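As a starting point, one isolated chain is supplied in structure tokens, in the form predicted on its own.
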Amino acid sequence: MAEIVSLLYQFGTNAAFLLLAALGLIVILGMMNIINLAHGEFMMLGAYAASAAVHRGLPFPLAVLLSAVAVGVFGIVLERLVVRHFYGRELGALVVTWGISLILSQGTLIAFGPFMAPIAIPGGALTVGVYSFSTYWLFLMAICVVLLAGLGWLYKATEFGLQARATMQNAAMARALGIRVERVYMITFGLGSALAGLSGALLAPTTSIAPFMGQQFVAPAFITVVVGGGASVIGGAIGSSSLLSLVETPVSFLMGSFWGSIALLVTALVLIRILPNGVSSLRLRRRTRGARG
């Protein structure tokens, strides 16, 4: 029984990590087709902001919210000054966001040194048999559900969501219909940045806070988003994180975290080969078949 609970817990933590690492990237890449190579550094900024706030006496929940707002505002400013000039130029956006990532990581190293003060993991632990489980990771799992539900509501049930989806499908037509496409891009980039900052702040207690900490999130984030596909960015992220975690968890449990990571990468390669449009394309195919039937 304890082993089953441990497996379920590890599955939840792996899926939560993948989702939190990918959330900001899902919005920016999925809705704007901008490959943001500075995504990991945005998460790093969130972790730094949270650490600075906590060590100045602010409660951790408020520090997390402050980090999300701060990184979101930073993202909006960056979009207005730099990123907006590269819409429709994917290679140019790739290079400029890579440059931004270098500036942020190296600038943080120069300004704050190689490490930031850590944040103690909130909450306690639950014990089942010989296994101990952090209640904070259970909280992160719940947060993922709330964030995904919130994003689903935003893009399906609000006027902004309708405009954003129209812009994603055909920006020229959306502009002709009177949608302020530049404003949609600005808000979307700011939202993606805020989610990256929020995720970085939430994950800060679980890792070392350092200028180059964002690198550990970039690969899992891109893998999750690419395997998920663009047919449904949110549904794809849920499906890809679940599938990848479903493979990684038992392998890590039996053979160690290194082989679990290898299994995750191999699974991602196989899924991309079998489903080049991502796992979300399966849902689209079912809808198409249902409409024809």
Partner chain sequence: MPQKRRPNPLRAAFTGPHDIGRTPPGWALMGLILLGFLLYPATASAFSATNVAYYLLNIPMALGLSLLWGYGGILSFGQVAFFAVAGYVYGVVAGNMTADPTLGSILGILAGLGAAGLLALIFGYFIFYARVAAWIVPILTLVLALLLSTFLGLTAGSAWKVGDVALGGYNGMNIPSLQIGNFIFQDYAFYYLTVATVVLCFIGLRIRVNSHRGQVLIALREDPLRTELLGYDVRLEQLVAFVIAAVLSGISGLLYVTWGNYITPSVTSLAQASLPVIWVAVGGRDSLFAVMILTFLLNQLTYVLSSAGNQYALIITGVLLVAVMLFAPEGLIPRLIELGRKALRLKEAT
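Basically, rigid core = biggest C-alpha set you can superpose within 1.5 Å across the two forms. Positions refer to the first chain, counted from 1. In this text, all values refer to a predicted model and were calculated from it rather than measured experimentally.
The following text describes the form predicted together with the partner chain, which does not appear among the structures shown.
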(request) Would you mind picking out the stretch of 144-152, 164-172, 211-219, 179-187 that comes within 4.5 angstroms of the partner chain in the model of the complex, counting non-hydrogen atoms? (result) 211-219
(request) Consider the chain as shown here, without its partner, and state which of L65, A52, V247, I35 has a heavy atom within 4.5 Å of the partner chain in the model of the complex. (result) I35
(request) Report yes if any heavy atom of H85 sits within 4.5 Å of a heavy atom of the partner chain in the model of the complex; otherwise report no. (result) yes
(message) Please determine whether A70 contacts the partner chain in the model of the complex, using a 4.5 Å cut-off between heavy atoms.
(response) no
(message) Can you tell me whether V226 touches the partner chain? I mean in the model of the complex, with a 4.5 angstroms heavy atom cut-off.
(response) yes
(message) Residue-level contact is defined here as any heavy atom of the residue lying within 4.5 Å of the partner chain in the model of the complex; does L29 satisfy this criterion?
(response) yes
(request) For the three residues I100, Q106 and F258, verify that every one has a non-hydrogen atom within 4.5 Å of the partner chain in the model of the complex; reply yes or no. (result) yes
(request) Answer yes if the Cα of G260 shifts by 2 angstroms or more between the shown form and the other one on a rigid-core superposition, and no otherwise. (result) yes
